[in-house]
Ligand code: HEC
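Given next, in structure tokens, is a single chain: the form predicted on its own.
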Amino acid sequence: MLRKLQLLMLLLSFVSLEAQSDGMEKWLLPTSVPQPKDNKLTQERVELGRLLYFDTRLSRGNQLSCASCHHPERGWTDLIPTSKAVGFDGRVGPRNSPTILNAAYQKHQFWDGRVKSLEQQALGPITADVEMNMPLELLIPKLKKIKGYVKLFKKAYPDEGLTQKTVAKAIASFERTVVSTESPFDRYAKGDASAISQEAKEGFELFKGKAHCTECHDGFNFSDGSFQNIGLHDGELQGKELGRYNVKNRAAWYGVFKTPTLRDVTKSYPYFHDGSVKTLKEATVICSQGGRFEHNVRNKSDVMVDRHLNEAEVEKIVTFMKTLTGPDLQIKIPTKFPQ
């Protein structure tokens, strides 16, 4: 898996001179993913993380894995598209499952951005009572009874062994390999004018121009990592709908959520943090009109204003966003796990 990632990054490094001259390089994926100094990618770490990611034994009741809500065959979101994540014992989570695609490039993790690293993120769903519901004080002894895992941890982290920290490191290592494949838009950005249709090209210009989509969905990941209240709900917000405000009670964080990537966006429906929208066109209309609600929305982002797009313009933008979808990343889903 790591070798495939390295090959992909090498291929992405060959940016055409035409793309550079047209200023298109900003839309192309970097040639490497960020890695912390204490958890550099190795084949052993990625392979261990892949096994842990798909292993249901990391959950209470041995029924759920990380892939249950972030599956490679569903755009790295729910295998069965639902508005909210479904976890342990059928419990429904408070938010839509976000894709983990290109999470390695994000500065904050989770919809509310409450942690900054994939290592911190990795253990959250495992311990959450509405998700995998497995306390770490039970998980680590459970894994230590599996001789195969003990050996794999010794190889991957010889100076650390099997601990809460290395479980997080291993899963994060695998997640760092979950990166976008080359899409039609990428080929266009590299100089292949025939890679996307004329309607998609016009949609791209609208995306950057009249629609102001790049106010939030900018750069190679089509997300600037910002947090916005896009006006999906009016009136006073409660509970998880408060968004980043729950992390710290700052007025500017009231009801704001992280801007998601648009890479492979056709695969990751339903849309928005609450999963309230089923189609890409409806999501585009809501954003282009300045949100679902115009009045009585506390702290709605300044960028959320009506852009006065007609239906044809919306269709062109949707056509463009569809070109951001590439082939599925080739991930071998384990059928056997350490014993």
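The model shown is predicted, which means the values in this text are computed figures rather than measured ones. Start at 1 and count along the sequence shown; that's the residue number.
What comes next is about the form predicted in complex with the ligand, which does not appear here.
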item: Per-stretch contact check against the ligand in the predicted bound form, the hit in 154 to 162, 140 to 148, 176 to 184, 227 to 235 (non-hydrogen atom, 4.5 angstroms); value: 227 to 235
item: Within 4.5 Å of the ligand in the predicted bound form, all of I126, K258 and F272 (non-hydrogen atom); value: yes
item: Contact flag, R244 vs the ligand in the predicted bound form, heavy atom cut 4.5 Å; value: no
item: The ligand contact in the predicted bound form: L324, any heavy atom under 4.5 Å; value: no
item: Contact test in the predicted bound form: K201 vs the ligand, heavy atoms, 4.5 Å; value: no
item: 4.5 Å heavy atom contact, L48 and the ligand in the predicted bound form; value: no
item: Heavy atom contacts to the ligand in the predicted bound form at 4.5 Å, residues of 131 to 149 in sequence order; value: E131, M132
